[in-house]
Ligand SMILES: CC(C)=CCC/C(C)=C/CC/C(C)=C/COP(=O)(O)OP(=O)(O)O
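Okay, so here's just one chain, in structure tokens, the form predicted on its own.
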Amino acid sequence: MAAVEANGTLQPNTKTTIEPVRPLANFPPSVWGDRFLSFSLDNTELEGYAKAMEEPKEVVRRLIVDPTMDSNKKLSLIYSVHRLGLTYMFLQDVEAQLDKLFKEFNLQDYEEVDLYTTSINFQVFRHLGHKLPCDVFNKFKDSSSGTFKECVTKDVKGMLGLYESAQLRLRGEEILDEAAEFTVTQLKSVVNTLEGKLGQQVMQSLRRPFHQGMPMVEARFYFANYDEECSTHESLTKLAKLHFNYLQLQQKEELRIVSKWWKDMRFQETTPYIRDRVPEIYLWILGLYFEPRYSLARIIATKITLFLVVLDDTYDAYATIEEIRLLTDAINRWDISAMEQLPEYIRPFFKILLDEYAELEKQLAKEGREKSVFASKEAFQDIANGYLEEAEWTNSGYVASFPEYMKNGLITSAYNVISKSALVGMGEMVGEDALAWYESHPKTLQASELISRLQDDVMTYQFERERGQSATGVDSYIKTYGVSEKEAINELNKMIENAWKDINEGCLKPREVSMDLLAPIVNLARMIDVVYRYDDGFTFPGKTMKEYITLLFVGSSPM
């Protein structure tokens, strides 16, 4: 094409390159820089903590199985073990005790039990898979008025327990629906008058109930705010401290590994427009499973999710529609020869993506488990196609109907990629049956996906609008059902609330699969709540995620 000189005349034989108009988002830079690259793991120290845990662990185990312990005290102990993130150490013993106590359950036995103890017992059974009936709370309601008794409003600790219990409700459990509304109103009205630990406990629960929090962070909060419960058994306190220290060392080393990998891959140089969020993504994956045995799984899932960030930001905040079409085609072909059709800036990413997956396939083929890598790769291709559809909508100014939006939106929520990638490094438990269960798209998975999509949309739709994005759940709902913005958000929040009820039901026995496979699904929904309840904590990670990263990787563990 001929270039136009300043005087306006055409000059043949000169070339110019017109830089395309790009939808740049100008994301904030990382607040961490290279901070986590300098960590150096002392294996002797790590082994020292592991060895030191053996004695208190055995003492706690003996307490759990003690046949002479009162059942309420035992349930209180198991509750503290669970809240401290230690259940995995005693799983068989805990399940045996709960199975026995659940079989012995009698509603009449709860007639004289106070609200706080009733709530703790209810939570223990529900958290660990037993459907203790919500009828245990009936006695706290006035039969004539149908409201909660006056004495309940004076029992702050009991109300807090009831509030946390209500988070475990199922569809149709009206008393717990009422309890959720009643307790949140009552607790908000008194929280500023409370002092000491009780005030901190109520404030923390109102900010985010335990059931919807990140397990590792919730364990630290419980240790800090419930020292009376933790210190009932000295061995439990000792074990919790050692466990926190052990995990912090292991996890800082994992964070160093993925930080170094990210730096070595030079994504910030080749694709400088993307969000630089390595510690945030590692935190997100840590939220899925924190147990030491999942160390490799966390590293693999973090890398794949970082690929997803590059892909998302390329589609959403840099590439032209023509470039998006070419990149989608290349990802569907999944062949290095497709690199020739790509713009120069995205070629390094495409090559690294193919190389990393090829290496994973090679590693897992030795164990006969390469199918989990294929599942992750297919999910990655699906999301590229989903992103393309959203880009086409934006390019044409089309606002999809809500059902149409949700069909594609459940794919672009990234849920499927992250959850399937989380399975890759989990070992033998992820066999063909587990993958088949995932592919059947069970109700629990659907519910968690819905939370991932809509919680994100409710919090980010205004930012997306400002950037000219037409595809958000809020806008689609308004268009389809002719409601106000406020009504749309209320309806989406109701859908999120019901999805949590479906998740709660899916975790009760008899389960379709083991809790090991369910846990990452539930925890991914929890992490969505952590990141998006109050703000877009991923794009602008100055609040919650910064606080959590500081707590787990920068601050010291309880000594």
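Values in this document were obtained by computation on a predicted structure and should not be read as measured data. From 1 onward, residues are counted along the sequence shown.
Not pictured, yet referred to below: the form predicted together with this ligand.
Gln268 falls outside the set of residues with a heavy atom inside 4.5 Å of this ligand in the predicted complex. Looking at Trp32, you'd find every heavy atom of it more than 4.5 angstroms from this ligand in the predicted complex. Under a 4.5 angstroms non-hydrogen atom cutoff, this ligand in the predicted complex has Tyr532 among its neighbouring residues. At least one heavy atom of Arg275 is located within 4.5 Å of this ligand in the predicted complex. Of the listed positions (Val309, Ala384, Val202, Leu247), a single one reaches within 4.5 angstroms of this ligand by any non-hydrogen atom in the predicted complex, namely Val309. The contact with this ligand in the predicted complex, taken as any heavy atom within 4.5 Å, belongs to Trp284 out of Trp284, Phe210, Phe223, Phe122. Comparing 249 to 257, 452 to 460, 356 to 364, 165 to 173 against this ligand in the predicted complex, the single stretch with non-hydrogen atoms within 4.5 angstroms of it is 452 to 460. Using a 4.5 Å cut-off on any heavy atom, the residues of 506 to 540 that reach this ligand in the predicted complex are, in sequence order, Ile528, Tyr532, Phe538.
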